[in-house]
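Quick setup: one chain, the form predicted alone, written in structure tokens, and binding and motion questions come after.
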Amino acid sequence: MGHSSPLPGFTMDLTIFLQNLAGGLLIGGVYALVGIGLSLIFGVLRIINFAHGGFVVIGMYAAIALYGGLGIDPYLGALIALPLGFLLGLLLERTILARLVDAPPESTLLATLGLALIIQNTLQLIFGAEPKSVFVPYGTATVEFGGITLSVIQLAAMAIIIVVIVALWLFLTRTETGRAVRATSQNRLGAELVGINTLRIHGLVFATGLVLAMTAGILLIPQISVTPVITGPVFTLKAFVVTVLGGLGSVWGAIGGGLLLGVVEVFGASYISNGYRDTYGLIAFLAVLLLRPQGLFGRTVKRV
């Protein structure tokens, strides 16, 4: 009697593992983009922004409005939505946060909490409470690499995210304004003494963080549905998990934290239960807090 080879089963397990790893990294890239925005705002403005998930939702509904109202593809619609989002970020920073620069931290916490509620209720008033999404013609297209099937929109999203992150890195490291942002992050008073207008930098950074969150929302809306009241808080929580996993205030740490969160969620959903997908990230979050309160990359990644 012959013996069956264990190789087919091992190959199947390896394929499932690689499929989950790829899926986790692709969704983790979007989480990283959300976390970078939050981390950048905290690193420069020293604000814990509870409205950050609301900015993701604004991006989603902007794509829905442009696609449903004008028939513009979500990715092309970003060319219209993101500049408007940048102006919105400048407006919010000038009218709300600039008045609280030297106020106690509790004031900014309450201000961003209030802003989150305003965003939720405004979007619900305009678009209603029902879940909405965007179904693009290429939404179900896939490609296969060595037995691993990947979504075209997820691959496109990752390509865009890489371009955005490289552009942000070049801006922060190779431009005069980027160096001013880093100087303000490291020592606001010292930056002012050498002639940097830190209030202008604050507005620029807050608007940039809002645009990064909106970009993540636009990339996500062909993949998931959105509701005004639920989606915003969920992504605010994910952004905090990402930034704490990577190290609060660290842009590169946010990238690592986002990828880790995506991988943990996908592996948990695949090997344990999809019903507790969001819970696995929180468990990882608590484990990191207990073992490394400074975050996984808190001591090794330079803050910008």
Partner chain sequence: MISEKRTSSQGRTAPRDRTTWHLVALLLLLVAVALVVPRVSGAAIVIAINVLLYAGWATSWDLLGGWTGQVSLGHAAFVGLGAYTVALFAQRLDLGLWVSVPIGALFCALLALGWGAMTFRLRGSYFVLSTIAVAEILRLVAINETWLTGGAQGIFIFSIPRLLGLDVFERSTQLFMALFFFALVLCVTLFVSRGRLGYRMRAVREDEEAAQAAGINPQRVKLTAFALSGALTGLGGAFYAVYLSFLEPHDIFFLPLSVQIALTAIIGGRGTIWGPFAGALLLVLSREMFRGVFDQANLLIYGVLILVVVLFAPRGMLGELARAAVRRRYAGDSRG
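Basically, rigid core = biggest C-alpha set you can superpose within 1.5 Å across the two forms. Positions refer to the first chain, counted from 1. Keep in mind the model is a prediction, meaning the values are calculated, not measured.
The form predicted together with its partner chain exists for this protein as well; it is not shown, and the discussion that follows is about that form.
Chemist: For the three residues I80, T149 and R174, which mark the spot I'm curious about, does each lie within 4.5 Å of its partner chain in the predicted bound form through at least one heavy atom?
Modeler: None of them does, since no heavy atom lies within 4.5 Å of the partner.
Chemist: Report the stretch among 255-263, 239-247, 26-34, 65-73 that approaches its partner chain in the predicted bound form to within 4.5 Å, counting heavy atoms only.
Modeler: Among the candidates, contact is made by 239-247.
Chemist: Just to confirm, with a 4.5 Å cut-off on non-hydrogen atoms, which of M158, I196, L168, L113 contacts its partner chain in the predicted bound form?
Modeler: Of the candidates M158, I196, L168, L113, L113 is the one lying within 4.5 Å of its partner chain in the predicted bound form.
Chemist: Work out which of L90, V164, A183, L109 lies within 4.5 Å of its partner chain in the predicted bound form, going by heavy atoms.
Modeler: Looking at the other structure, the residue within range turns out to be L109.
Chemist: Is L296 a contact residue for its partner chain in the predicted bound form, using a 4.5 Å heavy atom cut-off?
Modeler: Heavy-atom contact with its partner chain at 4.5 Å: absent for L296.
Chemist: Find out whether any non-hydrogen atom of L282 is located within 4.5 angstroms of its partner chain in the predicted bound form, and reply yes or no.
Modeler: Residue-level check for L282: yes, a contact with its partner chain.
Chemist: So in the predicted bound form, does L286 come within 4.5 Å of its partner chain, heavy atom to heavy atom?
Modeler: Heavy-atom contact with its partner chain at 4.5 Å: present for L286.
Chemist: Test of understanding: in the predicted bound form, would V136 fall inside 4.5 Å of its partner chain by heavy atoms?
Modeler: No.
Chemist: At 4.5 Å, heavy atom to heavy atom, what parts of 35-66 sit next to its partner chain in the predicted bound form? List them in sequence order, or say none.
Modeler: I48, F50, in sequence order.
Chemist: Is the shift of L18 between the shown form and the other one large enough to count as movement, that is, does its C-alpha move by 2 Å or more after the core is superposed?
Modeler: Where the cores coincide, L18 shows only a C-alpha shift between the shown form and the other one that is less than 2 Å.
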